[in-house]
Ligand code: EPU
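The chain that follows stands alone, in the form predicted on its own, written as C-alpha cells.
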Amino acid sequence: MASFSGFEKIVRRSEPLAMHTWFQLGGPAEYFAEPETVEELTALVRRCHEEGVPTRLLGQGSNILVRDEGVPGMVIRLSAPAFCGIRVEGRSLVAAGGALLGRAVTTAVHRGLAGLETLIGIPGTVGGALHGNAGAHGESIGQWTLQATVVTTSGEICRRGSEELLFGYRQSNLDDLVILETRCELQEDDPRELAQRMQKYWIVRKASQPLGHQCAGCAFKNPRGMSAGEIIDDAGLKGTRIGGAAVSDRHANFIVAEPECSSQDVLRLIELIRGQIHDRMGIELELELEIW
C-alpha cells in the first residue's frame, strides 16, 4: 500500500467518483486528492511517482465515464482557488487549468477580446479544453494558444511554447499530467458585438443538446466532414437504449444516463452504436469520451 504520510489533509481513500462527473456513474477512486497550492500539488505528484502510483487528473468530468469497478491509483482534482484564476494582460487571456472554460470565454468577451466566443456552452475546464483542443463552428482553443505551463508525471513544472504545441481535431500533444496555466493571444473587438455573437452560439448549442438536468455525455468525435450525431440519427438509432443508457432524443451523439443506469450500460450502448454504424455505413466512429 502506498504511503501518503504528510498528505492526510488532502488525500482521501475510496472517494466515489460518480459525484464528480456529468454522467454521475462509476465506482470510487483508490486515492483522491484536492491540493490547495501548486507546491502541494507538485509534492503529491512526486510522491505518487516515487511510490509507483498511477495518477490521473479530473476536471469537471464532462467527458469522463468511470467504470463501475472504479479507478486504481490517485485521482487529483484542481478545485482550489490557486488553480482557477483568470486574468487579462493586454490582448492575452491567461487562465489557470482548473478555471471553467465558460468563465474564460465570458471574461474574454467582456474585455473585448475575440476568438473564444464560439466555445461558449462547452462544459469543462480550461485545462481539459486545451488537452482535447475543444472547438465549435470551425474554431478551436488551440489556434489561439501561445503557451502552456504544465506539471509532468514526475512533478516537474515546465513551460511549453507555441513552437512545441501541436493541435489537431479534438486532440493536442499536451499529454502532461497537469495543465497549470495557458496564455491565449486574442483579437480586439467591440464587447457588445462579441456578447451578441456569444449569445447566438449559446442559444444554438443549448437548443441542440440534452436538457441541463440530465446526466449525459458526448460520445464520439465527428468524422472528417461529417457529423457523428447526424450519422447516428440517419441510422435510426436515436432513442436506442440498453438498460438505463439511451441515445438522446435531442442530439444523437449524446448518451443519457437515467437513474437505473450503470457504466456498463453506457459501454454496451457505445459498442452497439459503433457496430451498427460500421456495419451499415462502413464508418469507424472514434470515441470523444474518455473511459476510466
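From a predicted model like this one, the values you see are computed outputs, not experimental measurements. Quick note: we count residues from 1 along the sequence shown, nothing fancier.
Quick note: we don't show the form predicted together with the ligand, though the next part is all about it.
Trainee: Just one of K221, R183, R77, R160 has a heavy atom within 4.5 Å of the ligand in the predicted bound form. Which one?
Mentor: Exactly one residue meets the criterion: K221.
Trainee: Between the options D68, E258, E50, D233, which residue brings a heavy atom to within 4.5 Å of the ligand in the predicted bound form?
Mentor: The residue in contact is D233.
Trainee: Can you work out whether E290 and the ligand are in contact in the predicted bound form, taking contact to mean some heavy atom pair no more than 4.5 Å apart?
Mentor: Result no; E290 lies far from the ligand in the predicted bound form.
Trainee: With the cut-off set at 4.5 Å between non-hydrogen atoms, does A136 touch the ligand in the predicted bound form?
Mentor: Yes, contact at 4.5 Å.
Trainee: Just to confirm, F254 within 4.5 Å of the ligand in the predicted bound form by heavy atoms?
Mentor: It does: once the ligand is placed as it appears in the predicted bound form, F254 has a heavy atom within 4.5 Å of it.
Trainee: Give a yes/no on whether Q209 approaches the ligand to within 4.5 Å in the predicted bound form, heavy atoms considered.
Mentor: Answer yes; at least one heavy atom of Q209 falls within 4.5 Å of the ligand in the predicted bound form.
Trainee: When the ligand is placed as it is in the predicted bound form, which of 24-32, 233-241, 51-59, 259-267 ends up with heavy atoms within 4.5 Å of it?
Mentor: Checking each option against the 4.5 Å cut-off leaves 233-241.
Trainee: Scan 175-206 and write down, in order along the chain, each residue with a heavy atom lying within 4.5 Å of the ligand in the predicted bound form.
Mentor: Result: R205 alone.
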